[in-house]
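Before any questions on how it binds or moves, here is one chain, the form predicted on its own, in C-alpha cells.
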C-alpha cells in the first residue's frame, strides 16, 4: 500500500519525512541551534573565508585585490608545490601503512593470554597519550648527531653517526619514524577491540576442522577486523595528511624542501612570505584532495560492509 503524502503550504512532503516537521523534531532542532551555530562559526565560516581569499592577492597589510584564478595558476606553476605534493603523499602513505602493520602485529599478540598482558598493553598505549610537541622534542634529541642515542648505538658497533634530520635523504624518513611511534597504538587498540568481538565458537570449529593459526588469521580474524580497519585507515590518513606539529618542530620542512608537506608549506606561504592568497589557494587544493580521499574510502567501506 502506497504511503500517503502531506501537503504543507502547497508543498507536497512524502510521509516518511513528515516527522521532520513534527513538534518534537522542531524542538530538537531548536536545542541543537546553539551547537550548530558555534560549529558553523568555527568551521564553515573559516572554510568559506579561505575559499574567497584564494581569489584575492592579499599580503595582510595592504587592501586585498581580486585576481580571479591567478593564484591557482601560480600555485600549479610553482616547482616547489609538486615536490611538496610528492612528499605529502609519500609521508602519508608510508606512515599509515607502517602504523597499520605495527598496530595489527601488536593487536594479534595482545589478543592472546599471557602473563603481564595488562602491563604490556599499558606500555604500548603510552605513546598515544604523549602530546605531539613532547614527541617532537624527544625524537629530535634522539636523532641528535652528537648526543642522540641512535648515533650512540651506531658508534658502539664501530659505525659512523648519521645526520638524521640534517640530511635530505633521511629527514622525511626520520620524521615518519617518530610519527609512526606516536600513532600506531590507535590502530592497535581498534584492531584489538575488533578481535575481542569475534565469536570464539568460530575458532573452535575451525580448529576441529584442522585449520592452522595462519588459516584462522586469514579466514576469520582478517575478515572480521576489515570494516574497522577501513574506517581507522580513513581517519588516520586524513589526520596524517593534515598533520603539522611534528614536522614543523623537527625540521620545518627542511633541509631544503625534502621534508616539506602541505600544512607546513601553507604556513610558510602565509606567515613567513605574507602571501595569504597563495596559501589560501593551496589550502583549497588540499581540501579537495582530502574530500576526494574521504569519498573514495567511504565508497570502498560501503562496498565492504554492504551498507548505503
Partner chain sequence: MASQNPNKTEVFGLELSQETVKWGKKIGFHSLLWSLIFVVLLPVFWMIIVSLNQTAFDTFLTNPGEWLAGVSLDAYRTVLYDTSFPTWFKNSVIVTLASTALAIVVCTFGAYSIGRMNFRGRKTVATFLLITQMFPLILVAVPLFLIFRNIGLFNSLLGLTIAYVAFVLPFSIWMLRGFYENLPASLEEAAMIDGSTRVGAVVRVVIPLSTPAIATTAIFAWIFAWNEFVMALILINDTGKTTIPPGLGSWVGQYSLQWDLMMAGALGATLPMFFILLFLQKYIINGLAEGAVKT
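Think of the rigid core as the biggest set of C-alphas that the two forms share within 1.5 Å after superposition. The model shown is predicted, which means the values in this text are computed figures rather than measured ones. Positions refer to the first chain, counted from 1.
Just so it is clear, the following notes concern the form predicted in complex with the partner chain, a form of the same protein that is not shown.
Asks: Residue 96 near the partner chain in the predicted complex, any heavy atom under 4.5 Å?
Replies: Taking the distances in the predicted complex, the answer for residue 96 is no, it never comes within 4.5 Å of the partner chain.
Asks: Check whether residue 138 has any heavy atom within 4.5 Å of a heavy atom of the partner chain in the predicted complex, and answer yes or no.
Replies: It does: once the partner chain is placed as it appears in the predicted complex, residue 138 has a heavy atom within 4.5 Å of it.
Asks: Residue-level contact is defined here as any heavy atom of the residue lying within 4.5 Å of the partner chain in the predicted complex; does residue 29 satisfy this criterion?
Replies: Yes, residue 29 sits close enough to the partner chain in the predicted complex that at least one of its heavy atoms falls within 4.5 Å.
Asks: With the partner left out of view, is residue 112 within 4.5 angstroms of the partner chain in the predicted complex by any non-hydrogen atom?
Replies: Yes, contact at 4.5 Å.
Asks: Which one, 75-83, 199-207, 177-185, 214-222, holds residues whose non-hydrogen atoms are within 4.5 Å of the partner chain in the predicted complex?
Replies: Answer to the contact question: 177-185.
Asks: Taking the partner chain in the predicted complex, which residues of 141-159 have any heavy atom within 4.5 Å of it?
Replies: Heavy-atom contacts within 4.5 Å come from 141, 142, 144, 147, 149, 152, 153, 156.
Asks: If you line up the core, does residue 31 shift 2 angstroms or more at its C-alpha between this form and the one not shown?
Replies: Where the cores coincide, residue 31 still shows a C-alpha shift between this form and the one not shown that is 2 Å or more.
Asks: Relative to the superposed rigid core, does the CA atom of residue 61 travel 2 Å or more between this form and the one not shown?
Replies: Passes the 2 Å threshold, so yes.
Asks: Considering a change of 3 Å or more, are the Cα atoms of residue 59 and residue 247 closer or farther in the predicted complex than here?
Replies: Relative to this form, farther apart in the predicted complex.
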